[in-house]
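First, one chain by itself in structure tokens, the form predicted alone.
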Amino acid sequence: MNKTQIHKAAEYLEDKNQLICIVMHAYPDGDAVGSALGLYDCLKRAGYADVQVIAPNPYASFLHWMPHNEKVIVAELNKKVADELIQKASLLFCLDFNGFSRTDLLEASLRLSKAVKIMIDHHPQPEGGFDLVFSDTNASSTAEMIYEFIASVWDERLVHLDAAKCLYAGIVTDTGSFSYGCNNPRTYEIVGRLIATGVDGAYIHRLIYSTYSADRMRLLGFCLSEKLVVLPGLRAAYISLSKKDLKRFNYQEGDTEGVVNYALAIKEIELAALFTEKKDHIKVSFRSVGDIDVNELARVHFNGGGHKNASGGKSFSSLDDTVRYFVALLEQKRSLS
């Protein structure tokens, strides 16, 4: 990490009695939660008296095992408290997002806050509004960057077992269990150091990937047998789920995590999408292989963004209209190529 930026971060962190808030993006994934809770543990160990962790929305139950999970304030459930903390904070860590719009109902509070805002993130095309930006698209995850940040500002020995578990989970989930986005040897060096603290990698993997409820397993089967649409001529596939579909399987937040990857696993499919009907919008998830840039697709057409091969967004049209628009975009692109 840049030494000048690290020195500046250290200056912002001189006051150990200031209110520090750690903020995640909307619908937090394993990397967002792991990064936030890992940083929380390290800040508390370093002697910071008042550290708060805020998530815009509830997140998957298979992430609730992480140390300090009970400390997380969910804005959707307690908006007033979340907004007041953000306004009173003198320092905000913005983790795993690079634009305030990615925080949904916290966006206005973050923009109005007079606190120093430190962004730590690995997504491309960071936006403005931050006082200090740590952006590295080559990092496997924000969790990896948090480890580097802690090691640079303080010392890697500050990362004890609880923090290591969280950061390990962040790296595991954002690399698909080391199947993509992790070709840098440094990633494995950091993973090795996390394991050296006592992390049981196999056990954490089971906690994340082998704790399906019966309803979630049945929902996955329904997605693959009834809702999967393959478009061979477009080398694409998609799954769409209505609110009625979700209710049928007693949907809980996180139950569709990873579903889009099954569509991408079909031979010769290069782009996969999952459309999920929420209360006031359609949540869109994209995955791709090779040179297909779904970050651009999400940014230009679906009010979102992310990585080149993994991104997300939202649509404010109906579920059917959103799917039709997606297919039309692919057909248009094919006709122009």
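Just so you know, these numbers come straight off a predicted model, no measurement behind them. Numbers follow the displayed sequence, beginning with 1.
This protein has a second form, the form predicted in complex with ligand 5GP, left out of what is shown; the following refers to that one.
Taking heavy atoms and a 4.5 Å cut-off, does residue 283 contact ligand 5GP in the predicted bound form? Within the cut-off, so yes.
Contact of residue 310 with ligand 5GP in the predicted bound form (heavy atom, 4.5 Å): Close contact exists here: in the predicted bound form, residue 310 approaches ligand 5GP to within 4.5 Å, heavy atoms only.
Residue contact check: residue 165 to ligand 5GP in the predicted bound form, 4.5 Å heavy atom: So residue 165 does not count as contacting ligand 5GP.
Under a 4.5 Å heavy atom criterion, is residue 123 part of the interface with ligand 5GP in the predicted bound form? Because a heavy atom of residue 123 falls inside 4.5 Å of ligand 5GP in the predicted bound form, the answer is yes.
Tell me, please, which stretch of 265-273, 53-61, 297-305, 33-41 lies within 4.5 angstroms of ligand 5GP in the predicted bound form when heavy atoms are compared? Result of the contact check: 297-305.
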